[in-house]
Structure formats: structure tokens, C-alpha cells
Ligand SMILES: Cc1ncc(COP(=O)(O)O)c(C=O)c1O
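Take a look at this single chain, the form predicted alone, given in C-alpha cells.
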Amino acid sequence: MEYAYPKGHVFYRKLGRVYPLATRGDGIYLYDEKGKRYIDGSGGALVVNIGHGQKEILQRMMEQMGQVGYVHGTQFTTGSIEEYAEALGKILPEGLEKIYFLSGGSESIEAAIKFARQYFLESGHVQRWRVIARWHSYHGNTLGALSLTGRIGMRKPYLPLLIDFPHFPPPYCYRCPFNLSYPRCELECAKTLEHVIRMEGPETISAVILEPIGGATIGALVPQDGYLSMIREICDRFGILLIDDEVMTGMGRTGRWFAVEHWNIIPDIMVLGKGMSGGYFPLSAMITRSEFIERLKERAGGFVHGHTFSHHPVGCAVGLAVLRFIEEKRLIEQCHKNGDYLLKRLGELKAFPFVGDVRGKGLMAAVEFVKDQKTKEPFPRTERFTERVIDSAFENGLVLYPGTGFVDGVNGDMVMVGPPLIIEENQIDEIIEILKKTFNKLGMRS
């Protein structure tokens, strides 16, 4: 049977694709109905952090379903909710204490921007409601989150529906928007935030949101030392909250529990998702400080927000099982070690004339493609270079995650490599060999 539009009743995400039927997963591998094996080299969308088919996660999920499958968040709590919050609270950055469980990254971003707004509303700063984000960022696809997202192609069809949130440039050293180089640039990309705040009016700004390491819209973009501390200082100076979007980077992906820990930055609000549940159940969270919540309780009685599937007992049971798995298998330490090895091996791909940059941290890496290595000229989008790489790698048994349009809103090609944290060195070697085979197959030999 062929799984593709227009057959059947599924509204597929890609209407021009024929889908293999995935039948099982085992560790870093996926298998289709024909028995073909694929390395899940991107963990789906950098979601699968503990691998597929982990029986202890399934067992804990079944146990919770057998006890209580669902309660409404305004009516009951459960042991799984309380236990997971306690365990997660122990690994959070200092000061982040209260966790609002949700079921997806976009939901948690919406909760964060609404929480920031209500906090200032209850504090008497009724004009503070706008949130500043970065261009070439991704914060979700619901309308509030999409208003923050800086990916031009995703925004364009829905511009009349979006909130007019300001944006500033990312710390994209490979293509510095100021034509400067680090450290002589003195972090102009961070200083630009202050210019935007002053131009927009600091009295109107509630928060600044950013991914500590840029995600799938720009490809594992790691800021230079000093960047995040400067952003933090600017926010503090203007009384603006800092929202840390760790949906992709959190739960060990970069070799620390949370990416901000690499630079000792403590945000006011943190958003988690993806790796919280390892892909086994929809789960995310918005996390903030007790004193902020106390302000809402005093003035309004609570947070004016909610979702049917927030504070889900089964989701929290899965989240706790995944956290324990990461701790018991020491996957954070393993990610740090194997991340260095992955980046080293990916660096070999620069021998191919169309590989411009390799970057990342931990097991969150990206390979950017260029038409010319010297000039960094991107491929025209009409060549669909990323799609060709993705399709060829898939044919060779490797799943990667694509990114396009980050150079100028149209052009720009890259793939992300973000396998499960359980990956071993010999499996990384296998990924590299498939990538080399894929690149050679494209007819552009090193």
C-alpha cells in the first residue's frame, strides 16, 4: 500500500511525499514495513533524546494509565504530576521553581508571553505587552508564537494575523550582519537589542525571548562567550523579563541539562518541550519564579490561562521516567563527550566544496551548504539543495532535519544532525559514512 496524498483520509504534512510506514523503533534506529533500517540522525525534530523502544518508559506510562489517565488541572493533582515537578525542580537553574505543564512547545511559548504580560499588568505597568525576538528564530506555529518566530517563509502567509513584535539580528558569526568579526565586533549583535528597545520604547516591552543556541531555522547557532550575559544585563537594566526557549536545547541535548548553563545565565522564564518526554508523549512546560507567581496570586488570584491537556498525569509520568533514564544512564556526560566527537567527524565534511560551515554543541549540530566556500554564496532556493541532501540521505538510511531560508529569508541551506543521546562512537561513524556517501552521490566529490 502506498501512503501519500490523495489516498486515504490522512492530511499529510507534505502533500508531495510518499511515506514509508514506520513499524518499530529500537535505540537510534527506525524500521519500515519492508524491514529497511534508518538511523534516526535527527531524533525526528531533535525530540528523541533517549532513543526508541525503551521498555521502562512504556511500563511507567501503562502504570499511570491504569491508575489515573486524565484529570482536569483545576480539579485534581496526581502523584505523577507532583513527583515529576519535584524531580525537575532539582535540576532547574537557581530561582526557577514553579512549573506549568503543557503539551507542546508552541503552547508553552504562548503561556510564557501571556504570563509576562499578566505579570506587568498586575504590577501596574499596563503598557508593557510587547516581546522582542530574533530574526531566523523558531518559537512555534500558533499565532502568538509565530509572531515571535523569525523565519520569514513561515510568517509570510499569515502576516495579517500576526502581532507586530519587534525583532533583532541573531549572533550569526559565519555571516555577520554587521560585517565584523569576533572579538573585535564587541558583540554588536547583542548591543543591537538595546537599540531596538530604545526605538520601540522600553515602557512597552515586557520580555525578550531567544533560543540560547539557535535551532532549526538557522542551524545549531552557538553564540560567542559574553553574548548571553550582555543580553541578560540589557534586560535587567530596562526591567524586562528574559524568556529562555529551551524547547530544542533542553533536557541534555547540548551536554548540559539546559543550554544556558554553559554560560551561567539564569532567565526569568524558561520554556521546555521536545526532549522532556523523549517523544513518547506530548509534553512541555513553562517555568518561572515564585515571586512572579505571588504577584499574580495577590492581584488576580492566579494565571488567566489554561489548556484542556495541561498538567497531564500520563505526560508527567513519562517525563519523570525519561528524566530518571537520563540520570541513570549518565546521558548528559555521554552527550558532552560524544558531541565533541560528532563535531570533529562532521568537520571532515568541509572537504566537500559545498560545505560552508559545521557548528553546534553537544549532540545538536548543523552543516551549512554553500555554492562557493570562499564567498559563502548560498545556493539559489530553486536548486532545493537541502531537499536533495535530505532525500538522498533518507534513501541511504539516514534521517536528517532540514533548514532553509536563513541567509536572506529565501536562500540558505543546511541540515541538522541531532541523534538520540544514547548514540555511541561507532554509530556516529556510521552517520558520517552515510553523509559522505550521500554527498558523493550528489555528484560533487571532495
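Bear in mind that the values here come from a model prediction, so they are computed numbers and not experimental data. Numbers follow the displayed sequence, beginning with 1.
Below: the form predicted in complex with this ligand, not depicted.
Original post:
Out of 254-262, 133-141, 88-96, 368-376, where are the residues with a heavy atom within 4.5 Å of this ligand in the predicted bound form?
Top reply: Comparing against this ligand in the predicted bound form, the contact stretch is 133-141.
Subject >> Among the candidates Pro267, Gly105, Gly275, Gly219, the residue which, in the predicted bound form, approaches this ligand to within 4.5 Å (heavy atoms) >> reply: Exactly one residue meets the criterion: Gly105.
**OP:** State the residue from Val247, Ala112, Leu363, Cys316 whose non-hydrogen atoms include one within 4.5 Å of this ligand in the predicted bound form.
**Re:** Only one listed residue qualifies here, and that residue is Val247.
Subject >> Stretch 187-218: residues contacting this ligand in the predicted bound form, 4.5 Å heavy atom cut-off >> reply: Contacting residue: only Glu211.
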